[in-house]
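A single chain, nothing else alongside it, follows as structure tokens in the form predicted alone.
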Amino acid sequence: MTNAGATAQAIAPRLKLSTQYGLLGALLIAPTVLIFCAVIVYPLVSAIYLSLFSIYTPTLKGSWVGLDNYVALLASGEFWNAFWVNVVWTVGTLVLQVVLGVALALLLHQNIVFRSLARSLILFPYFMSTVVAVLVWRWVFNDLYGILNHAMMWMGLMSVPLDWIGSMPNAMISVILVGAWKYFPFVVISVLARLQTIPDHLYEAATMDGAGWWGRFTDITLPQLREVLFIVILLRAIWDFKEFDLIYLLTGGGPVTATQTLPLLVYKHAFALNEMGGASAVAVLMMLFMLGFMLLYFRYGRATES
């Protein structure tokens, strides 16, 4: 036996079983930690670092400016306008998603005809490619040959076509409607899963006590859905707040900057104005805003566990 083998055999028994399991666990999670650092930590640190420089995007060369990018953004009307548009978009589409999602989940929970087929079809918008969905909706909203204008004029609701995505407030309404249509199936899935776990005897007891459908909804269904709705609203708020592709493809932030959100402002600074430092500063401020949602989510999770 070699000296190295003898040394290994002498050391191995000295390691406690818990220590061996700890080393094995660290070895197993090491690939995940490396991937996490590569796709999360490194880009985050890079964004914070770049936000402290004035950098020309094509060459990625620039000079140190410290917090000047943040000062300029916070003093910029364009930044606060984008922030306000972001809030309007997030709140508007989130409210529609929750209302429509809960209503359809309640409907699909009933014993209706073709219920299984309806449950499958309701997922169609969520699985559809964003590019394809936006192309279809741009055709629907077209002011010259769009089906929406033709249908409304045929019903006598208006006499002239409307410019749905080229004027305000039509553009913001259109974006919110498309966003709600695209993502409400997530709410349906989550709420429907929770509805199927509510005991039937609660509804039977309420019915025997004389409670109507509204009383059963407010006293039984809604309290049972409170936890899942809280999580769904938090997750959808985070995802909607950072939404880029749907808004960019539908309106491009127009007309002018009427639908320009913070993610679109990041894109504008980085690739239209070639200010990578300013774009990174906007991204970091977005991260701080979303950090508030994340802290609320984790706080609620701890409260639920305790």
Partner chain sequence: MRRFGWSRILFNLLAWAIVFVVSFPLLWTIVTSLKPQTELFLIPPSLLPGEVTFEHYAKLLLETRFLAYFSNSVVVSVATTVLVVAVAVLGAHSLVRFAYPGRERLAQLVLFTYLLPSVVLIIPLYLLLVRMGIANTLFSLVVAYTTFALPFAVWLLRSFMAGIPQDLEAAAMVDGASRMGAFFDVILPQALPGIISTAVFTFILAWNEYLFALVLVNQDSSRTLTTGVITMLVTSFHIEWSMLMAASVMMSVPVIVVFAFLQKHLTRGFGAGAVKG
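Numbering follows the first chain given and starts at 1. This one's a predicted model, so the numbers in the text were calculated from it and none came from an experiment.
Below, we turn to the form predicted in complex with the partner chain, even though it does not appear here.
Contact of H150 with the partner chain in the predicted bound form (heavy atom, 4.5 Å): Answer yes; at least one heavy atom of H150 falls within 4.5 Å of the partner chain in the predicted bound form.
S76, heavy atom within 4.5 angstroms of the partner chain in the predicted bound form: Although the partner chain is absent here, S76 would stay clear of it in the predicted bound form, with no heavy atoms inside 4.5 Å.
Proximity of Q260 to the partner chain in the predicted bound form, heavy atoms at 4.5 Å: The answer is no: Q260 has no heavy atom within 4.5 Å of the partner chain.
Partner proximity in the predicted bound form: W64 to the partner chain, non-hydrogen atom cutoff 4.5 Å: No, W64 sits far enough from the partner chain in the predicted bound form that none of its heavy atoms falls within 4.5 Å.
In the predicted bound form, segment of 77-85, 198-206, 215-223, 102-110 with a heavy atom within 4.5 Å of the partner chain: That would be 102-110.
Triple contact flag A171, V178 and A272 to the partner chain in the predicted bound form, non-hydrogen atom at 4.5 angstroms: No.
Those residues of 238-252 which, in the predicted bound form, come within 4.5 Å of the partner chain by heavy atom: Stretch hits, in order: I238, W239, K242, F244, D245, Y248, L249.
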